[in-house]
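One chain follows as structure tokens, the form predicted alone.
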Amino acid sequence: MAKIRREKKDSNGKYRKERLDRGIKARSDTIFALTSYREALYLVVPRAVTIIGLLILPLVLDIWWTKVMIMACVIAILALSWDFIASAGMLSLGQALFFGAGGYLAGVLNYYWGLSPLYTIPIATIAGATVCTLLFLPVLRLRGIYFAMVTFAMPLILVRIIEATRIWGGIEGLSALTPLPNLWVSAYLVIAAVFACLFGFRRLMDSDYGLVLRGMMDNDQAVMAGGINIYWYKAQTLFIGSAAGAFIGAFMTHYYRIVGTSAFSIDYSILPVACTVVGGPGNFAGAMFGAFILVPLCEYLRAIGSWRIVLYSFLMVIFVVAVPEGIFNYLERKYHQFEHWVKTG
């Protein structure tokens, strides 16, 4: 149904502005009625441009900006992980735990046992997800800010344990680890991981499994009353989301050839949330879009020193206030709808 935004009046009468879905857009956010190849291109082109553009970027960027793109992909995966976990009604601030667990496990396997990245990354992904899920199992009954506080505190606790016991190199960490073959392998590996998370999470949320998760986010008590064990679904969601974070942590361990307590940095918990808020939560593409805005912007502003934080924070406030639905959701809505004035009197 058309949405009235504002009205105007002139000598010819009174008008109102209506917002209408385009012809192929049905009364659903994900259903379209295609009747020609042009309408198919209408849906395919934005996706194709995104995929092809990201695949071409490493070929046209210099080494510095290729590294920035890799970091944007890293934060994008953490943001996608956060958005997926939030889709089940769990507000997580523990992406740093997922990142650090995967990073340390990969570092330990490589430093002490001599395993190559071909084995450490997949092993650290599964083992890291398992460890993180087990750590959060006792607090799955917590909701909202209480669950978020626990997830936020957990990586801080692990940092203090590592510093106090001096295990795994203590404050210095583990260094001289086996590197990835080259920059291009690193770039395309992380790009493939971004696409796998993006399309994998969206596919899950479009299935019956995702329907249960969305029901848990809206009203978990109603879902439980239907005979569904919501804590089992929460555990599964945590495992899948933490696996993405553990993978990227293991990847960055071999990319930097070092792992230390900085792997549990608060930035890995806060920045993914900021990217999701700026890009738009709920559809995963917004989280990815936000990461590719904020990370390059942060690096570009590095030249202005401490003023970078001021300007960066100011821009974030503008994004949140001016476009509360998220930049990607706003652009998507504009793409699928058009506006026109209708005479009312």
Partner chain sequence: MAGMLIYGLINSIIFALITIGFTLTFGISGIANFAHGAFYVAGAYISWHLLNSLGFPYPLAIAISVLVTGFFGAILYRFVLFRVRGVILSEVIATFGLGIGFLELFRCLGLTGYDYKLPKFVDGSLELLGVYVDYQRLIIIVLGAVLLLFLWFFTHHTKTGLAFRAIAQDEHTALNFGVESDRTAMLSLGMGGALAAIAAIAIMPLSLIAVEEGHHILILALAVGIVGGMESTMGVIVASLIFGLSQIIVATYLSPNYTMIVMLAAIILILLIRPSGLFGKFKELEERI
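In this text the structure is predicted, and so the values were computed from the model without any measurement. Residue numbers count along the first chain shown, from 1.
Absent from the display: the form predicted in complex with the partner chain. The rest refers to it.
- For the three marked residues, F99, V190 and G200, no heavy atom of any sits within 4.5 Å of the partner chain in the predicted bound form.
- Looking at 91-99, 112-120, 248-256, 175-183, the stretch with residues near the partner chain in the predicted bound form, meaning non-hydrogen atoms within 4.5 angstroms, turns out to be 91-99.
- Heavy atoms of V295 never reach within 4.5 Å of the partner chain in the predicted bound form, leaving it off the interface.
- Of the heavy atoms in L54, none are within 4.5 Å of the partner chain in the predicted bound form.
- Contact check for W82: a heavy atom falls within 4.5 Å of the partner chain in the predicted bound form.
- When contacts are judged by a 4.5 Å heavy atom cut-off, Y300 does not count as touching the partner chain in the predicted bound form.
- Of the candidates L41, A48, V310, V60, V310 is the one whose heavy atoms come within 4.5 Å of the partner chain in the predicted bound form; the others do not.
- Proximity to the partner chain in the predicted bound form, defined as a heavy atom within 4.5 Å, holds among I157, A235, A196, M71 only for I157.
- Along 274-302, one residue reaches a heavy atom to within 4.5 Å of the partner chain in the predicted bound form: V277.
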